[in-house]
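For reference, the chain that follows is the form predicted on its own, supplied as structure tokens.
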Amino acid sequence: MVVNNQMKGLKTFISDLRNLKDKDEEKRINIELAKIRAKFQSSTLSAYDRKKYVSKLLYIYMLGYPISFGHLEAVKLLTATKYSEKQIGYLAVALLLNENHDLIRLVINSIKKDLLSLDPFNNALALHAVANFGGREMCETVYPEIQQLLMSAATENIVRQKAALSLLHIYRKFSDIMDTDLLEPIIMLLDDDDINVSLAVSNFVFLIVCREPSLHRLVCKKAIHKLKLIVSGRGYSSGYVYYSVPCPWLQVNLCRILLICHEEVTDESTKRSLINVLGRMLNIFEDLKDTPHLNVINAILFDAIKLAFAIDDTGSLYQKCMKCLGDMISDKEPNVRYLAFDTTAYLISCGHNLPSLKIHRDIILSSLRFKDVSLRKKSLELLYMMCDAENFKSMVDELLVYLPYLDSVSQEDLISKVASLTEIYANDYKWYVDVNLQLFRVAGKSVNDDVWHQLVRVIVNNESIQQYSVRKLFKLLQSDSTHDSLTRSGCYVLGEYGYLIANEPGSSPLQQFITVYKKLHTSSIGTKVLLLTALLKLSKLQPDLHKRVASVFKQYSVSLNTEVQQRACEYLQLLSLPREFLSIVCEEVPVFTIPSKKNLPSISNKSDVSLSDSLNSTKEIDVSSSLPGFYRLCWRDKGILYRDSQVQVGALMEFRDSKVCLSLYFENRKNETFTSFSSTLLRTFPNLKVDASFTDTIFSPDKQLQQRFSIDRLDELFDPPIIRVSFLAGVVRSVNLLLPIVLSKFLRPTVFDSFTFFQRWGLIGVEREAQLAFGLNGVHSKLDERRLMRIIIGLHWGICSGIDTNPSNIVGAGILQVSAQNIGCLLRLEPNYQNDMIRLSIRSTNTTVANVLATSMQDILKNSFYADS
């Protein structure tokens, strides 16, 4: 905080506080607050004193003490004529007020006055305030003045820079306030002669290209031109050279902008020009690698390398990029190495082939022993992505070498990655079993339940490895100390297939019984239950074991744990029944049709869809690539859910009475065969069933795969399901798809006359109403009456025509059945076709249903009026 040298009282107060202990500090602050409160009540308070006491309040607030008074005095400082007083006022307002405060309108008036001032310092303070805490009311009021400051040639450059950042704040939070015709002039400012203005505008343009695909061509042209000027040594003064690098942060922003819209670079001459520029940027590392300030160079290189791989389809920059990446991967500085790993992982995930990366494998492996946990995690992620069908065995072996030396968190991550690799690439089931058993033996405490579940599933589904597996597991179980994951998988397999080794030396039924019985005393509750089940199945191997097993069940029938006690009592009762009945109960489990592990593709020839028990947040799962198709299919019954250069996913919705069915059709768009093709549910809800799924994981170009989901009834509200489609095409590729199963699909359309509708509307009341007002996403989105009606009908609302006083409004009704309860829902939609705005009101006998329907419809409607949708 800037403190005027004349404010001696403030300096003395700060000095006193620094010399006090914690208890004395609070007393001193309370005394000072009482003194300041009394001064504010005085009618003779001067502007200087007001500034001083507000500064003291700010310092107290920054120490963590609440401030409940003095806000009006801070607002009064905004109208001061002296810059130092006005500066303290703006600082206080920014810290002490929020956008909904009672005094905010006074603040808005002062900001508007300062924006109209001819003093650039006053302009700058006001723009800072808007950019930092501007709410909707403030932004709507001052938007014209900020626009004028940015576009006026008479405005000083420093003010234009701050105006651009203030408009960025408005566009980011309240994009509907922005005039869409202003976006193109803002893009043109990338070419501004002042580098500070260009830098501020580049942040704005980056957000524009993320939201407005239609402007990519214009942005691409301007960004290439600006980048070319900077790299060629023109368009900037010597003051913008940072350690021999010109305008580094502007270069970074331009590269990021071009990375998003690089597909618009279709002209060969423009592409060659950009490749030449990138080549010169990559040479910076060689020219300046001995400088002590490499951070700025690395910042440029990371984004330049990403852009080079995206734009250079001839491979002319490949060697330069890999040379730079290799040097940064070998860097001893952990931060540089982490960012190099992150960039490399990004390139692999985009489908780029990096064969020369394999020479750095030892360095990446050694990073698993770094103290920095984030670097260990990133190196493991990169090693996982580097693995392919040729090197997977050696990669897994090397990862297992590092396993004992890692902490528990890193061990769990590594185990998950190794288990996934063995699932994807294993062509030898015995090798798969050996690797998983080594995981259990070395780091059993860190093994997730999903790993041993998957191992059991693979053993059960493949008869050829059952004897081998039970022999290996029985040998490991005979050791004195075993982790729960090994004990659970071992006893499960031993109970099912112990008979396969019953005639082998050292593996008789009695020895199997003794081995399992010993584990009972030292195992957890969950493991005890599985051990009791294993004993029940072993009892049929040999008549002599029947009495021994019964005595064990009798012993545990009085256990303090109810789960163990219940299982023991039930099994003891089963032993008293005829042996024929016991043989039926203890039959081998059938093959699994639903894998137990939700994030691994299966190597067995069964369905690759698994049901998750809990809903994951979409914030943790990136589904952005499927959103355009999702929004279309929310109100259409068939269409394309997702399409890229490799695969296409079509969808068909069918409605049979109360049953909803969704069929997905997968098509291979390449002339090559994909392997390990799988579809895995990442998010589901009760009653969502997988009726049918493909069983062949080999996906050839002439084949279409199909998967069908169904929902018979609803027992609770839900979020749309998410699936992950993954396959092997040189590298592992995956995409997350949001399935178009939304709550409105389960509405039963209903039509009422005017009297009935408004009678029920009034009975439900405003207490159970969800109302939202919103605009459309996209610069060129236009609210269309015919499409709006199609969307509402497609969302299964019954249209009540001609009952609203405004003929352009849409009124609808529907009944939703949840847990056998009929929930009435009423809709009133008020479109504003001139301003492309919608006000949506939904009333329901269940408030939660009204809120869920309104939020879902808002999201669908905002994104369903693009020009190409």
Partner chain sequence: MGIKFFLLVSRQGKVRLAKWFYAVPTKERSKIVRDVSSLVIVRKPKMCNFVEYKGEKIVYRRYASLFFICGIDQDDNELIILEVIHKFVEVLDKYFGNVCELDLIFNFEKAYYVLEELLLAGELQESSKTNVLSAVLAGDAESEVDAQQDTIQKLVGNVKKF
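Keep in mind that what you see is a predicted model, and the values were worked out from it rather than measured. Positions refer to the first chain, counted from 1.
Keep in mind that the form predicted in complex with the partner chain is missing from the display, and what follows is about it.
Proximity to the partner chain in the predicted complex, taken as a non-hydrogen atom within 4.5 angstroms, holds for one residue of 758, 249, 392, 665, which is 249.
Between the options 91, 368, 220, 764, the residue in contact with the partner chain in the predicted complex by a heavy atom within 4.5 angstroms is 91. No residue in the set 416, 643 and 847 has a non-hydrogen atom no more than 4.5 Å from the partner chain in the predicted complex. Proximity of residue 162 to the partner chain in the predicted complex falls within the 4.5 Å heavy atom cutoff.
In the predicted complex, none of the heavy atoms of residue 385 sits within 4.5 Å of a heavy atom of the partner chain.
Of the heavy atoms in residue 40, none are within 4.5 Å of the partner chain in the predicted complex. Under a 4.5 angstroms non-hydrogen atom cutoff, the partner chain in the predicted complex has residue 239 among its neighbouring residues.
Here the chain stands alone, but in the predicted complex its contact with the partner chain, taken as any heavy atom within 4.5 Å, falls in 373-381 among 701-709, 373-381, 518-526, 310-318. In the predicted complex, the residues of 70-97 lying within 4.5 Å of the partner chain by at least one heavy atom are, in order, 82, 83, 84, 87, 88, 91, 95.
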